[in-house]
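As a starting point, one isolated chain is supplied in structure tokens, in the form predicted alone.
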Amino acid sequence: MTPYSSDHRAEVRHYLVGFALALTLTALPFGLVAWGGVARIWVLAIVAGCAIIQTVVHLRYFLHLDLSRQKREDVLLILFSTLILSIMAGGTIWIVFNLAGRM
């Protein structure tokens, strides 16, 4: 059995921190919805906030994306893909509601 290097331990610690954050950001909205003691608008806001934060956690801890010069192209590619998908989804919803209004 070979001892693990400090780089390996740091990488495992990095993954465990990401896993703990992702688990917390998943359990919090589930707990709020199951409990039902908070106003609906606040639950929706907290769920949306946790979803955005969890996306950043996944990008940072699991995909290893940051704002360094080496990873900047990857971040721009993900942002551009998100923009294109948002335009497509928004356009589809707009067309569907426009057609429903004309019916």
Partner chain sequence: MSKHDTIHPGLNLGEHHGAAHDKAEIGAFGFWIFLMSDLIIFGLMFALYVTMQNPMGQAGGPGPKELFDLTSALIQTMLLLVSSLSFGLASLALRHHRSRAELTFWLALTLLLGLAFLSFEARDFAAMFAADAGPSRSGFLSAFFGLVPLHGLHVASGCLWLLIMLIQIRTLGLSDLVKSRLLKLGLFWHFLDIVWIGIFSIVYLGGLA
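Residue numbers count along the first chain shown, from 1. Basically, rigid core = biggest C-alpha set you can superpose within 1.5 Å across the two forms. The structure displayed is predicted, hence computed values, not measured ones.
The same protein also exists as the form predicted together with its partner chain; that form is not shown, yet it is the one meant from here on.
Its partner chain in the model of the complex comes within 4.5 Å of no heavy atom belonging to L67. Contact annotation for 40-60: residues with any non-hydrogen atom within 4.5 angstroms of its partner chain in the model of the complex are R40, V43, L44, V47, A51, Q54, T55, H58, L59, listed in sequence order. With the core held fixed between the shown form and the other one, L85 has its Cα displaced by at least 2 Å. Core-aligned CA deviation for A20 between the shown form and the other one: less than 2 Å.
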